[in-house]
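In the block that follows, a single chain appears as structure tokens, in the form predicted alone.
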Amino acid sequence: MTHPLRVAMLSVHGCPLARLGEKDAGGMNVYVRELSRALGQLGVGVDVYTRCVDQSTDPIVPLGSDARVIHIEAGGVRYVPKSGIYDLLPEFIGNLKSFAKTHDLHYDLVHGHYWLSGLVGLDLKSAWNVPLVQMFHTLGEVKNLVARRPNEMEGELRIDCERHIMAHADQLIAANADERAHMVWFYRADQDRIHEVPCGLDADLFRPLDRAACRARLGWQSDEQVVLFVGRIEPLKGIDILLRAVMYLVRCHDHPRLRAIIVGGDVSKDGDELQRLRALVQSLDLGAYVNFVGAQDQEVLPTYYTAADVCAMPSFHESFGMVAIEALSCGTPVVASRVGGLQYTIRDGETGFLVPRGDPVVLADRLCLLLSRPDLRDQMGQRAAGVAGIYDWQTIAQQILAVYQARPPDLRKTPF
């Protein structure tokens, strides 16, 4: 290869510049942003194409060396939930192609994120005669497996599209063995095209800080026992399970200074799930113990992680669980459901605890152990802080670059 590799990165519904915890903004947004930056630092040219949702956003935003975000209009410049994006894909594809042609942009491959971007990627793969690398981040079949209510179920359209993308993408990326198995058994994906590459971490940002200073910055008292949750406000995250666990902790009378801090969502606009959670707080008489503080900028999260006694992730499923490695890298143990990627990022009994999903009693028991044993909490925190190295974004970018350069046996003639 005589020229620098150029990649069209696709994140249709999730802008990498969005603030974590807001509408449709979670770990995938961070992943796309940080991977693109790290690839750019390796000399790979990366253009991240995402749908424009804000009139005040510049059309092109630099992400650092050789990486940038390009906002493409489709369906007007406004927020549209993920459920409404599918119908806008033809317009998005057409406008993306026009932008690339107008600016004389040529790419060596396309990297899609989530199934909506995968559909765009298949079109560009055919139109530009380049390979498609695809990462899903979540899978419809798996979401249906753990759905708690009928309205949380994914439709056949998404699942059929995921199956189609897996059959035609040149390479597939799974965050861990769990996701790889789901691709193979639910979707009959070709095992030889699946590469396991974990998510990454900004080790310079997520590191242990001075705990007393972090508490003072947030206005927390030194003797408060704080359980932290970070993530989107949605049923899959199991925040209601955490609230019930807090109820048990309060009832045992051993934790009079207990607080549960919920980071995520837009607290100025109560969505259905946030309303449900607030009502649950009232019915459990936890108003004095629970605070919803809304989404926070990425740069502020290490302050929250370091200041907390423990981070709770009661999720019903996590493909990877980026919050877990962020908290661990700040020296804060994590108590999480034994699901998905969390099984691989948390060393049970060493850097935190894994508990059965949906069980507030066991979750409360493990939280109680850490809150009652500062010595154990500190020991686990010290071990936890050592995990950052293996998730450094430069290391992950090198692994992704190896995927870009790999060729399945039946696709060796695919041009790069």
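From a predicted model like this one, the values you see are computed outputs, not experimental measurements. Start at 1 and count along the sequence shown; that's the residue number.
The form predicted together with a small molecule exists for this protein as well; it is not shown, and the discussion that follows is about that form.
When you look in the predicted complex, the only residue of G231, G341, G331, P131 with a non-hydrogen atom within 4.5 Å of the small molecule is G231. The partner is absent here; in the predicted complex, the one residue of I346, A312, M322, I239 having a heavy atom within 4.5 Å of the small molecule is M322. When contacts are judged by a 4.5 Å heavy atom cut-off, E162 does not count as touching the small molecule in the predicted complex. The shortest heavy atom separation between G140 and the small molecule in the predicted complex exceeds 4.5 Å.
By the criterion of a heavy atom within 4.5 Å, G264 is counted among the residues contacting the small molecule in the predicted complex. Among residues of the shown chain, Q296 is one whose heavy atoms approach the small molecule to within 4.5 Å in the predicted complex. Segments offered: 378-386, 26-34, 360-368, 58-66. Contacting the small molecule in the predicted complex at heavy atom distances within 4.5 Å is 26-34.
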